[in-house]
Each structure stands twice: as C-alpha cells, then as structure tokens.
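The form predicted alone is given below as one chain in structure tokens.
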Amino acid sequence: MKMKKMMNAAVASRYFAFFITVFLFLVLYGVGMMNFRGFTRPQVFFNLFIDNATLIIVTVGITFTLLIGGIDLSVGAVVALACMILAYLLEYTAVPVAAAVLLVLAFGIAFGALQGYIITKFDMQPFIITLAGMFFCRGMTAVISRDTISITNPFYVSIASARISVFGLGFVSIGAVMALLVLLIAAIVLGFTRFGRTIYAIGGSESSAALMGLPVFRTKVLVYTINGFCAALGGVAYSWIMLSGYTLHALGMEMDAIASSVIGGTLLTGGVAFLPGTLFGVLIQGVILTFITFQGTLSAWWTKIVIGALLCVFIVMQAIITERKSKLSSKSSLENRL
C-alpha cells in the first residue's frame, strides 16, 4: 500500500517525465561508454553541447510556444534565413559584424511578433500561420541566393573557431556557452517571474487565465516574439558552425526541436514543461548521433528513426500520466467530500 502511494506521488510529480528523460540519457551514454572507449573522453560529452548549440536555443523557443498550447513550424526556416542574411551582409556589404548580428536578431523578433499578433488577434491556428512563415522564410533564402555563400570575414571566423577551456578537461564553443545561458535565462523567466506564471496559466486554460484578468493577448504575442528571437539567435549559432548561408540549412530542425521538447517532458496540449528536461531531450539526440558516428556503419537517418520511436513512447506516456493524474485528482476530491 505504501509502495502504491509512493508510485502515485511519483507519477503525479511535474518532474516525473524529466527523471525518465535523464535516466534514458544516462542509459544511452552508458551503453556508448561500454561499447566505445572514445565515449569516456570528456571532450565527447562537451561536443554534445558544441554540435547541438543551435538546437538547444531553438528548442527553448519552441518550448515557450508549446507551453501556451501553440506551435511554430517556421523556426528551422528562420535559422536558415538568418544564416543567409548574415552571409550576404558579411560577404557583399560593408556592414560591421555586430550590426549584421543585431539586424538578424531584430528580424527574428519582428517576425515572431508578427506571427504571434496574427495568431492571437484573429484567433488563427498556429500550425497554419507558422507553416506559411516557414514557406516565406525558405523562399526568401532562395531569393537572396540560390547558391551557398561562404562566410570568410576574419573576425567572424575567429569567433566561430574560438574555444573556451573547461577545467582543462576539454573545451566548448561560444555557441555552446550562449545556448546554456539562453536555457538558464529562460528557466528563470518561466520559474520565477509573473510572465512565466502567466504562460503556464494560459497553457492550463486560456479562458480561465482571461477570467482571472491575466494579459492573455500580450503574453501570447510575447511568447512568439521570444520564439522568433531564439530562432534568429539559433541562426547566429548555426552560422558559427557552418560558416555559410544556404537555402537547405536547418531543414527539419523545427521537428527536432518539437521532439526534443516533448521528450524532455513538455505536454503538446500546453501548461506543462521543465526546461532542463528539454536540454536532455536535445542531448539524447546528440548521444544517438554520436553513437552512430562511433559505430561507423549505420546511417545517420537511424537518429530520426530512434527519435521518432522515442517521441511516440513519450506521447503515450504523457497520455497515461495525464489520465492517471486525473484519476488521482478525482479520487482525492471524492475523499475530501466524504
């Protein structure tokens, strides 16, 4: 009986999915260490952050939209357009590096705000509006250039190649540090500010949030604005990895971000998320790809297959947990009445 109560309490906890995600990450990393000696090197772990810096930043933004029950399919295209704009400005104009980066970030903010305004003002489906945004941004990358534009600006290349030592055990890139800072700031905003609590309230029930007098319209627009900013910032980080602009950059990244967020414990119906979980959702993808790289004979597409399977498992698990929580809540209410 005591064990059953402990299990019920564990399932009811908002951190249950997070612990499952962390456990899965540790199991996968442990399997890698047992099969490949190179997995034990600290740099292999640091490379997970270096290689997935863009995805971490984009997933943070996606998590904000999923929290309010929305979605954004345009983030991968925004990343590609950001890379293309940066490459064009740095290679074909005299715009300074700082100004080029600020212009890209301003575009991301404006684009996210516009999508959020249209979705909220006209009560449009986020899926449709952001799908249109995805087509627009992909098209704009081709309008700027159908060919690859390499970034050769010496200062920008030096930023991209900079390495930050981690206690002498290895190094991380500036993009990785930036990704972790974005994650930390977002976690603080969601966990310790009125704005964050409003986001959770809207995700739980938008009508109830409105009845409580919460600024629903403004909050939803700000959520998509933040998401647009994260996508543009992810584009900057991605340009440090690729050092080029290309129409097919970050193709499908929006799906990777959504999958990472869900695997990290975010409910697709809104109202539930834990940002450290989204980090581990991204790292799980990184571990699988690293495992495939070390193995040497498997295709990188196996990453998509495994992530697809995990996504299905976590969605089913979310449904079971939600149903279980509902039963526990009903039972508790009944006992209180009696």
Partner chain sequence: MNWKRITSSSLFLPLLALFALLLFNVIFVDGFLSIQMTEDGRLYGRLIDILNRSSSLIVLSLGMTFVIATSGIDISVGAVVAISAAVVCTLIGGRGDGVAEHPMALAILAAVAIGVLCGIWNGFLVARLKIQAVVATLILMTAGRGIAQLLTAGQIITVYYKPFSYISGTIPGNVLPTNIFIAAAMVLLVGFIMKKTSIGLFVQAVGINATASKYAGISVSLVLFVVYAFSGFCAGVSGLIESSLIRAADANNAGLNMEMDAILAVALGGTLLSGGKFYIGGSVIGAITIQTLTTTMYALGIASDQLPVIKAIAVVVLCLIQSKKCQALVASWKENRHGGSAGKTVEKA
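Positions refer to the first chain, counted from 1. Here the structure is a predicted model, which is why all the values come from computation and not from measurement.
Not on display, but discussed next: the form predicted in complex with its partner chain.
Judged against its partner chain in the predicted complex with a 4.5 angstroms heavy atom cut-off, the residues A110, I174 and F229 are out of contact without exception. Its partner chain is not shown here, but in the predicted complex it comes within 4.5 Å of a heavy atom of A142. Contact between Q125 and its partner chain in the predicted complex is found at the 4.5 Å heavy atom cutoff. Within this chain, R163 is remote from the site of its partner chain in the predicted complex, having no heavy atom within 4.5 Å. None of the heavy atoms of F45 is located within 4.5 Å of its partner chain in the predicted complex.
Note on the interface: of 234-242, 165-173, 117-125, 96-104, the segment with non-hydrogen atoms within 4.5 angstroms of its partner chain in the predicted complex is 117-125. Between the options I151, V216, L183, I258, the residue in contact with its partner chain in the predicted complex by a heavy atom within 4.5 angstroms is I258. For the stretch 70-100, the set of residues having any non-hydrogen atom within 4.5 angstroms of its partner chain in the predicted complex comprises I71, L73, in sequence order.
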